[in-house]
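In the form predicted alone, a lone chain appears below as structure tokens.
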């Protein structure tokens, strides 16, 4: 090979370095997103983010700040910084209101977990057996879910619990004056914890209305989950000699874990945000919950936005507690 041919071959073998500008141009030429696509994606992410920040985080931060003030909610000039005085009053002056409300929220959670949720699961499991007229039964049980909680409260107050004409007193024969049962006006304890705290009879009457709504919600979720369970699992368990209860407990229930988690989260959220039914029924004595205290202190005649915000922060902390427990368990299982 001559010297000129060697030089020519060497020149062809040398790789020309690619600059960063050329690499960027290459990526742009191979990108599948046009300018219109990028603008659309920006709007799709920016608008929900803006709404979330504006409607969730800004009010939450504002509530936290206002909890350190004394303000009537009318004029900014009347706003005074009082430090932790509102929180001190919550645990001293208004101690009974706070603990009674926390206990009532807890009672709702326990009742929904151990009464409403199992009943909804049972109804869903029965209806999943392709009973005749199951679509009608599903509609009947799901009807309370599509009604607003305010309407549910009116129904139970006027139709179920009315002392003179309600269904319960009519069935028990207690509609005569002087012999009537005031289901919503009896604050005596059904399950006492101490002399001041416990589950009152009128609050248990309210919980019954909440369970009525919750059962339909759980039924629909569980019916959808049961449809996704592999029928081969049931057949294999039946071949092994398992009865209905064993099939449900050892095969179906573990396979429904995602649905069970959703139901658990919904139950906790429902028990913490309960407000409508209690407010519609004029907030009988002994039925305060945290959301009622927040509203009464902010919108009441002698309202104090600062104290109401302090109650709101307490409710927020309770919600965060359950959220942290849930996320920790969820991500812990993934790890």
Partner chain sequence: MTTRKTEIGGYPSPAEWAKDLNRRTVLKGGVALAGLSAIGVSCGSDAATEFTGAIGDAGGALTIGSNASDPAPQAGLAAVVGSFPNENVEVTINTLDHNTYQENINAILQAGEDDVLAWFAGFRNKFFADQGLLGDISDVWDQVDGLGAGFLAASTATDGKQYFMPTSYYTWAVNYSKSLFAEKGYSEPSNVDELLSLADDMASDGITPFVFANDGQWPIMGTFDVLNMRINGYDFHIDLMGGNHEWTDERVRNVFSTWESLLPYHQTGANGRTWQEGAAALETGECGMYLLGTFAASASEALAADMDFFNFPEIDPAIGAGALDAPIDGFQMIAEPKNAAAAKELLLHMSTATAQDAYLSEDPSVVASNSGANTSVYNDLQKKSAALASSATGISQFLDRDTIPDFAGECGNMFAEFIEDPSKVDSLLSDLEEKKVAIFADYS
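Take the two forms, superpose them, and find the largest set of C-alpha atoms that agree within 1.5 Å; that set is the rigid core. Positions refer to the first chain, counted from 1. Everything numeric here is computed off the predicted structure, so don't read it as measured data.
Another form exists, predicted in complex with the partner chain; not displayed. Remarks below refer to it.
Enquirer: Which of 139-147, 244-252, 204-212, 93-101 has heavy atoms within 4.5 Å of the partner chain in the predicted bound form?
Expert: Selected stretch: 93-101.
Enquirer: At the 4.5 Å heavy atom threshold, is residue 304 in contact with the partner chain in the predicted bound form?
Expert: Contact with the partner chain, yes.
Enquirer: Decide whether residue 132 counts as a contact residue for the partner chain in the predicted bound form under a heavy atom distance cut-off of 4.5 Å.
Expert: Close contact is absent here: in the predicted bound form, residue 132 is far from the partner chain, nothing within 4.5 Å, heavy atoms only.
Enquirer: Does residue 257 reach the partner chain in the predicted bound form, with heavy atoms at most 4.5 Å apart?
Expert: Flag for residue 257 set to no.
Enquirer: Using a 4.5 angstroms cut-off on non-hydrogen atoms, would residue 283 count as touching the partner chain in the predicted bound form?
Expert: Contact with the partner chain, yes.
Enquirer: Which pick from 177, 173, 231, 83 sits with a heavy atom within 4.5 Å of the partner chain in the predicted bound form?
Expert: None of the other options qualify; the answer is 177.
Enquirer: Quick check: do 128, 316 and 321 each get a heavy atom within 4.5 Å of the partner chain in the predicted bound form?
Expert: Checking in the predicted bound form: none of 128, 316 and 321 is within 4.5 Å of the partner chain.
Enquirer: Taking the partner chain as it sits in the predicted bound form, which residues of 64-78 have a non-hydrogen atom within 4.5 Å of it? Please list them.
Expert: Read in sequence order, the residues that approach the partner chain (within 4.5 Å, in the predicted bound form) are 70, 72, 73, 74, 75.
Enquirer: Does superposing the core leave residue 148 with a CA shift of 2 Å or more between the shown form and the other one?
Expert: Shift of 2 Å or more: yes.
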